[in-house]
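Only one chain is included here, represented as structure tokens and corresponding to the form predicted on its own.
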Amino acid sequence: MELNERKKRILHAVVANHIKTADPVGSRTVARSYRIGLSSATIRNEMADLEEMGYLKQPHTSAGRIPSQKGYRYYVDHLMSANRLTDEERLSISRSLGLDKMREIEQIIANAVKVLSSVTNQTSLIMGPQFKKSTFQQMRILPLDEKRGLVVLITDSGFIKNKVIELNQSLSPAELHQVVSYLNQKLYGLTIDQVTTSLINELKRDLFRRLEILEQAFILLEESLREEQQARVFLGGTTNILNQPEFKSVEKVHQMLSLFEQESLLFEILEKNLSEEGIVVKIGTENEHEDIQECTLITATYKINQRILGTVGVIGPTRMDYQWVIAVLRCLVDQLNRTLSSDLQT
């Protein structure tokens, strides 16, 4: 059953007031605080209908009502207006991120998660970029002496891996340059997980025909394929969620603290949203993981040149200021995307 305009306005008022105060909302509060133009008795009847329809619930018989998960979902999908940050607010976030001063991607991500939690007053989490989804940019072999060289693997997302290798024969700088130029030409633009074992073997055969160097030049690539490198998850404001009235019980505090200690589980939660475009809002039991089914998780992906690298998220109680959090998250991701697509390419 679709809500009529009167019920929409009352539901909007209840959600907005509960987000602000964390208290149950009564009909008198709605009548007094919001210009709905209805008597308290009429509003009370409409709220009773909304409760019967599943949009509101009554925590105590004598108390007012609070939104249900269904009520929050309807609010986010149909009632909430887009909240645009002012130029001053956007500039403040940009300055807090310090994007003009930093170039290391992990430093950028670590700072971004702190800014996001500080501005939203919620717990924030960011999945760092996955190494195997990074694009090969270049390899270098730097001679250390006649028998040793330093192999350096660089990706577009800022990953740098290196390894000292033993060479079974002396190679001149010209020969090293030939090897490196060949590999860079063949591998440029491939993601790391596209550099398969069969491709490496093909490159070896081709390169051995051109130049007799031994396969230690490929060790770094092969090790990168074997490594199960899970992206890091950066957390910010972990105590923010514990300051919320919904998480007063010791049991709930322990549950959330235990969750924040499980990086692999947080990674799994964020990874599920990697394929989602735009802002994704999952409320209560819409979250698959039982540990966060009393929370709301709002996520967005960040990118380098339109290629998704990871996920940014804000987790908090279902009584969250959705408009503000979404606006801040959208602003922060936009700035991350611009920075990663420009600065890290230079």
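In this text the structure is predicted, and so the values were computed from the model without any measurement. In this text, residue numbers run from 1 along the sequence as written.
Not pictured, yet referred to below: the form predicted together with the DNA.
Engineer: If contact means any heavy atom within 4.5 Å, which of 296 to 304, 273 to 281, 44 to 52, 314 to 322 contacts the DNA in the predicted bound form?
Structural biologist: Among the candidates, contact is made by 44 to 52.
Engineer: Would you check whether the DNA, in the predicted bound form, lies within 4.5 angstroms of a non-hydrogen atom from each of Q178, L183 and Q194?
Structural biologist: No, none of Q178, L183 and Q194 comes within 4.5 Å of the DNA in the predicted bound form.
Engineer: Test of understanding: in the predicted bound form, would H60 fall inside 4.5 Å of the DNA by heavy atoms?
Structural biologist: Yes, contact at 4.5 Å.
Engineer: Can S33 be called a contact residue for the DNA in the predicted bound form at 4.5 Å between heavy atoms?
Structural biologist: The answer is no: S33 has no heavy atom within 4.5 Å of the DNA.
Engineer: Flag T285 as yes or no: does it have a non-hydrogen atom within 4.5 angstroms of any non-hydrogen atom of the DNA in the predicted bound form?
Structural biologist: It does not: once the DNA is placed as it appears in the predicted bound form, T285 has no heavy atom within 4.5 Å of it.
Engineer: Is there a heavy atom of L38 no more than 4.5 Å from a heavy atom of the DNA in the predicted bound form?
Structural biologist: Taking the distances in the predicted bound form, the answer for L38 is yes, it comes within 4.5 Å of the DNA.
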